[in-house]
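What follows is one chain in structure tokens, specifically the form predicted on its own.
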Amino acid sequence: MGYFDDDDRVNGKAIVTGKAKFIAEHEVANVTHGVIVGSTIAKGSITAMDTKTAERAPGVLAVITHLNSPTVPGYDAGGNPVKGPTGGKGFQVFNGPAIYFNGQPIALVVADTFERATYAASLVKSQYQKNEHTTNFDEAGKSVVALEDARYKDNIRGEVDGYKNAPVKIEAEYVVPIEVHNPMELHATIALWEGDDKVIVYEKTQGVKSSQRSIMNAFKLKEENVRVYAPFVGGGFGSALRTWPHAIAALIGAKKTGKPVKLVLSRDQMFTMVGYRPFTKQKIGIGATADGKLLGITHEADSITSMYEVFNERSVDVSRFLYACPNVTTRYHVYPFNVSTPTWMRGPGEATGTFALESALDELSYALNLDPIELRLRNYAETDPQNGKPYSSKFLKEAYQLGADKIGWKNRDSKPLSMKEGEWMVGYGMGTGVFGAGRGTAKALARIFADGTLLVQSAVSDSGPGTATAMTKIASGIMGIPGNKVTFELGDSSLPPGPTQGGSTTTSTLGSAVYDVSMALKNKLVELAKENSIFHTTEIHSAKAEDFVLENGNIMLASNRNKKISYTDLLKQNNLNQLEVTEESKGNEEMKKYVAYSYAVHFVKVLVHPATGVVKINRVVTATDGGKIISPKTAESQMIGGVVGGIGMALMEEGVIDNRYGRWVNNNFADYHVPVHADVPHIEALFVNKPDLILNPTGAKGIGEVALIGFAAAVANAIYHATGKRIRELPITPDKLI
């Protein structure tokens, strides 16, 4: 697709040189600073608050609590307490005295400097009516009852628990702990009211339009009176997929003081205020024939949510569609605890579910004495097992082959404890990742100027995958304009509505809009060119857009490339400074006949020290079926980033709560371990790179989620191969191996 000299990010230089401004770096005149005060209990209610000392502290403009907060029109009248978790209704900050989790926002201090606001926040004192809280899943027992909802009903295909009748079967329990997104950029909001009913918000968000809607709904404002900016987002991984209470608190603070308020969460607040991957305990039973044909899968999962809001990610669903199996039973339950609401974290549902499924399948392969890849191939689904529909594209077999060849899978001794390098035990493992490949609705504007430059706009944010680069490449390729003359503008809710960046759909959804608007602009240029004397013949008037070629800023006849005119000359001769088109792109009707998924196969080589239990990831090969790869370098970076996250999930990441107080223990980067450079080997990312033109005109499928999904299982499987020890609870730390 292209006119780039290379595959670099279009905004890469701005990011690495500091020219790019992230949310907290934006300069707003007369800005004040907000700091949130959190509760020190996990359940109960506030009986009294002493804010006088804080209010008298130097530079303090306001201390806002449930006792003096301006009304938020979209909130429930009468405040808390809520009667129980509800779907889609988040915590309503400063709307009552009830306490649902430790660290819950109970006050906002606004001062003229951040340091003064921080000091004053330490002076706010509260008294509570404390009730007994529940944060320990294992000790909760029958005191916590699973939520009742149609979404949680058992799903049965074929015989209930059919695996139990199979000649070869395994049963096991797997645990995924709380995991926290922890992007480097802290969540931040700058709120600036222009009168009572108009507001400008700089917000760390993966969806400027979704944040705009949330603010509109909360404050009952018109769409044109809410403008959200997010030009650069320093990582989200799902944590920025919604508008959290701290953002509403910043708007409340700005309204109360009449001044702009900047609010930046602290690192410890990132653990309690912007979601996490929920603790999930899973049980899997798998049965097969002696030659490895699956007869039944039962996948059960218990997960947590908050006391005030339902969150569910249905981690069991992946077992219903990844492999061909006649009898599948899934059971999923969600339990309310005194914690903040979990949220989507990269690979939601499937990342948790595949740790269990792909680990269990590996266990079954040893029980059958069958190669793990061969077991998967014998149960390869040629059509969707849930509905029988064909796939719009599926090249998972090619991904298996690509990855296996690259890592040298055939040289692996299949027996556990059979391979060594010096004193280190060696293990090879693999796991499959799958995620739905969707396409939503988006609009894009394309404007070509008389100087030959092209501007493309859409209200989307870019939390790291290189969206601006991919969209620039699509427009550049269609319009025949060098990439350095194309600008993709994003991160502003006033632009044509684009999608929220999540669920691996941005390139498919927005790429289709950019494709369509570029084609529409090409057609406009062709219509102008037909009237030009260079092309002005009877035959030309009946010519179609495909009879013309756009290349290097020129439009020319495909049959005679000597007949050409530059866009610059064409516009000038028509007295036009610019030519503009806006197009909306939606999913096609044809896709109703198909289903679409992206796939990745992760291959891992580990070294395990027998005396210390230390695990080193020695080599990673990831092979992906992600449709047409629009931007190879940023796609490779996506896969590498997912693998790094997968290393953390497999070996390090675990949120720990002191259940005596319902309080986080390791809410910092010293105690919550994430991979550093020394933990990450060279990662080889391979792509099948075959387009899915049924899904969308670019042929691209999403890859952001499958970059991580299935990876933790690949590591666990490799560790078993190295040591003969099957670890079913993440993270796999040395103490579990010694």
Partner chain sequence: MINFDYIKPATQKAAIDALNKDATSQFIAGGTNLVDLMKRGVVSPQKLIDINNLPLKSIEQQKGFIRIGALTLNSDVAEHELIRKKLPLLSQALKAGASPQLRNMATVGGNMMQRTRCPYFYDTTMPCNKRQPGTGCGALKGYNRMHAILGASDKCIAVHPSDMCVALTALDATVVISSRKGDRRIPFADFHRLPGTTPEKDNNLQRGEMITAIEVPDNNEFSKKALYIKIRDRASYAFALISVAAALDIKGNTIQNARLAMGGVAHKPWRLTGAENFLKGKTASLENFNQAAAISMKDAKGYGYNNFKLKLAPNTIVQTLKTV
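Since the model is a prediction, treat every value here as computed from it, not as a measurement. Numbering follows the first chain given and starts at 1.
What comes next is about the form predicted together with its partner chain, which does not appear here.
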remark   = None of K198, H609, K633, K524 but one has a heavy atom within 4.5 Å of its partner chain in the predicted bound form; the exception is H609
ask   = Which listed residue (V614, A545, A520, V72) meets the criterion of a heavy atom within 4.5 Å of its partner chain in the predicted bound form?
value = V614
note = Counting only non-hydrogen atoms, the one stretch of 656 to 664, 624 to 632, 562 to 570, 235 to 243 within 4.5 angstroms of its partner chain in the predicted bound form is 656 to 664
Partner contact for E374 in the predicted bound form: its partner chain, 4.5 angstroms, heavy atom = no
ask   = Can any non-hydrogen atom of I694 be found within 4.5 angstroms of its partner chain in the predicted bound form?
value = no
query = A670: heavy atom within 4.5 Å of its partner chain in the predicted bound form?
reply = yes
query = Though only this chain appears here, would L67 touch its partner chain in the predicted bound form if you measure heavy atom gaps against 4.5 Å?
reply = no
query = Would you say all of A290, L295 and E382 touch its partner chain in the predicted bound form, counting a heavy atom within 4.5 Å as a touch?
reply = no
remark   = Residues in 720 to 738 that come within 4.5 Å of its partner chain in the predicted bound form by at least one heavy atom, in order, are T733, P734, D735, I738
